[in-house]
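Single chain ahead, written as structure tokens, the form predicted alone.
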């Protein structure tokens, strides 16, 4: 173990190892922060749907794209009605509410959508409301009237009657500058949505929120289902690292113990292990995983179990066997046998520790291979349907032809994280190989 400790101390001499450790530490910090800041239940709710989705834009780019543009794209703005500004008029059997909502719009680009979310409280009689849009240059555009129910979304952008009357998409026509000829441009300034509501019950109340959907959103953008991709990128980090680490630890330790047992006991046990290994080496693991996911389940824990099961009897057993055979004939092994050391202690305390330093580089570089395997399964549509992962994001991007439509951010985010994961572990693993591998130590 002293040789192992000395080798780890030597990592400071290798810039690649320092860079790899920095990348891995950053990924671990992101994974820990994601688990703490966004608990598992909240992550699933954010990813699988809920009220949060409705107020996110569709296919919005990340907010940082504005750094590279001459004119910035608008972000989503939410303006809720203020009860202090509501005008109330009493009538026999009804009340008239005038609810103003002001929106400061400072962009020349148009929003992607315009919606109003109404929160009405009543017992039996639904309120009736009429909306009017006031522009900064003094125009008043009626938006029509309707009855509303509790927690209703009024999609102004999808109002076909309003679109026919205005001659353009509503969220374009309502913000368009009439002084601009040719390509329309938005008119910056203060807009006001005036909601005139009539309630028919004494205890009825009504509130509203105006949402101007942007063309950029957050650090990672959104997808076709209005989901914030940052949730998947953050939570995909602990999922990927846990999958890779558990699979690497499970396969490496189990394989090492089985190889050591075969070497120590020899005979039919060693021959049996070698025959199983040779059969397993020619089996195609990925098609088997595809078959399991298609016919049985795509649970990440089931996939992890299958990966570990097929990884145990891999080609590594033959490599470990070749390294352990000379150790079995070493003088200190003969001395330990003469003192009556048991088989289990002989394997765990006298044989396996001798080759652990040499195995550490291979173990480190094995982790990203399992991370890529999990992402590959998800890209093929065999990822866990519940968990937000990097591979799931790329699978959705492929299904929706994201690159064809110019949504490069949808693919770049998870791809960069996968490459950083592979780069970090590879740089650390190669440095460890130069430290612990006797053949490379002299180079």
Partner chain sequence: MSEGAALPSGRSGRLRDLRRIVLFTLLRLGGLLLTVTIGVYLTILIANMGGQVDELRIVQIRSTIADAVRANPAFAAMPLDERQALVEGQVQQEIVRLRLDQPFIQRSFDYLWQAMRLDLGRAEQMHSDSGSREVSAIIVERLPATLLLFGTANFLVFFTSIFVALYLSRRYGSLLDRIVIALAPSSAAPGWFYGIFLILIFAFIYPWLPPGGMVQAPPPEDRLTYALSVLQHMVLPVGAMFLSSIFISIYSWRTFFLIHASEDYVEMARAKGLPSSQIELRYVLRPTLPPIVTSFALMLIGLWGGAIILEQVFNWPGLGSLAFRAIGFRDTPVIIASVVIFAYLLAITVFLLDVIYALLDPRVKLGGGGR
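Note that the coordinates shown come from a computational prediction; the quantities given were computed from them, not determined experimentally. Residue numbers count along the first chain shown, from 1.
Keep in mind the form predicted together with its partner chain is missing from the figure; the text below concerns it.
Checked against its partner chain in the predicted bound form, the residues 161, 88, 180, 286 give one hit for a heavy atom within 4.5 Å, which is 286. Of the residues given (65, 26, 35, 412), 412 alone sits with a heavy atom within 4.5 Å of its partner chain in the predicted bound form. Residue contact check for residue 301: none of its heavy atoms lie within 4.5 Å of its partner chain in the predicted bound form. Heavy atoms of residue 322 never reach within 4.5 Å of its partner chain in the predicted bound form, leaving it off the interface.
Put simply, residue 418 is close to its partner chain in the predicted bound form: some heavy atom of it is within 4.5 Å. Remark: residue 290 counts among the residues lining its partner chain in the predicted bound form, judged by a heavy atom distance of 4.5 Å or less.
With its partner chain left out of view, the stretch that reaches within 4.5 Å of it through heavy atoms in the predicted bound form is, among 26 to 34, 372 to 380, 39 to 47, 66 to 74, 372 to 380. Residues are counted as partner-facing when one of their heavy atoms sits within 4.5 Å of its partner chain in the predicted bound form; in 401 to 427 these are 403, 404, 408, 411, 412, 415, 418, 419, 422, 423, 426, 427, in sequence order.
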